[in-house]
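Only one chain comes next, encoded as structure tokens, the form predicted on its own.
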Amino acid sequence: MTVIIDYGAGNLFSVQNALEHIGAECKISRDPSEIETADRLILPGVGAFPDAMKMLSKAGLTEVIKEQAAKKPLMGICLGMQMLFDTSLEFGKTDGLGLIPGSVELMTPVGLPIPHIGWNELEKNIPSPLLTDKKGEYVYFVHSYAAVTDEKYVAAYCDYGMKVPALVQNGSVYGCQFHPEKSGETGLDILRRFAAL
């Protein structure tokens, strides 16, 4: 069972629909006991980093997520991926979950607009159980901030006037800066691989 964590700032139903489409058993929940008994967790997110961290804390889910991330696979999506890092500089400095070393900072692409919206190609960096060896796979992005982290945590980049960490991992903690649930067959395959962990 995959639990999609509901803390008030996530694109819950599109993620649920994608998981159901690939035949993965899932549910949306903010109940700590259901999070504890889940086989794997997804942390979605849209909006601003400080607001999302406050909502997570107010829902009483910060510590249970940190505890469970040490025991089972966890995937953060978009803002949920950014929340996996130590800190964000969006609207000042805010602490994240600290599950992947690094910070989240405003993108500085050369000659390209912010936010980064649209399809972009995944450039594989290190092996990941969520990725195949296929080339020419495109996924869908909507973001203005990006992770700044050691290359050893970056499974794939995309090029947007700068190298943007697209898929990150640290042990069984994974993060997609893109939206796999909106990324066609490539995104569904990433979710399929995550649901099989």
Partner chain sequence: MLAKRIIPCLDVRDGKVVKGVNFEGIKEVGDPVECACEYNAQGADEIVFYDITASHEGRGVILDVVRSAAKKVFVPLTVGGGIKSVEDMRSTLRAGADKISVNSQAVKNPQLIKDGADIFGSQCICVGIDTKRNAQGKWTVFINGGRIDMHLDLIEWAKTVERLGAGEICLNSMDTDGVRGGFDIPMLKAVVQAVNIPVIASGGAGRVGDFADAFLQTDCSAALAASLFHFRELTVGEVKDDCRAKGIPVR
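Numbering follows the first chain given and starts at 1. Remember, it's a predicted structure, so these values are computed and weren't measured experimentally.
There is another form of this protein, the form predicted together with the partner chain, and it is not shown here; the text below is about that form.
J.: Among 155 to 163, 63 to 71, 126 to 134, 36 to 44, which stretch has residues whose heavy atoms lie within 4.5 Å of the partner chain in the predicted bound form?
T.: Stretch 155 to 163 is the one.
J.: Does the partner chain get within 4.5 angstroms of any non-hydrogen atom of A18 in the predicted bound form?
T.: Output for A18 is yes: heavy atoms within 4.5 Å of the partner chain.
J.: Verify the contact flag for L188: yes if a non-hydrogen atom of it lies within 4.5 Å of a non-hydrogen atom of the partner chain in the predicted bound form, no if not.
T.: Contact with the partner chain, yes.
J.: I'd like to know if P101 sits close to the partner chain in the predicted bound form, meaning any non-hydrogen atom pair within 4.5 angstroms.
T.: Looking in the predicted bound form, residue contacts with the partner chain do not include P101, since no heavy atom lies within 4.5 Å.
J.: Can you tell me whether I28 touches the partner chain? I mean in the predicted bound form, with a 4.5 angstroms heavy atom cut-off.
T.: It does not: once the partner chain is placed as it appears in the predicted bound form, I28 has no heavy atom within 4.5 Å of it.
J.: Flag this candidate site as yes only if Y7, K54 and D95 all have a heavy atom within 4.5 Å of the partner chain in the predicted bound form; otherwise mark no.
T.: Spot residues vs the partner chain: no contact at all.
J.: Using the arrangement in the predicted bound form, list in sequence order the residues of 94 to 133 with any heavy atom within 4.5 angstroms of the partner chain.
T.: Heavy-atom contacts within 4.5 Å come from P113, H116, I117, G118, W119, N120, E121.
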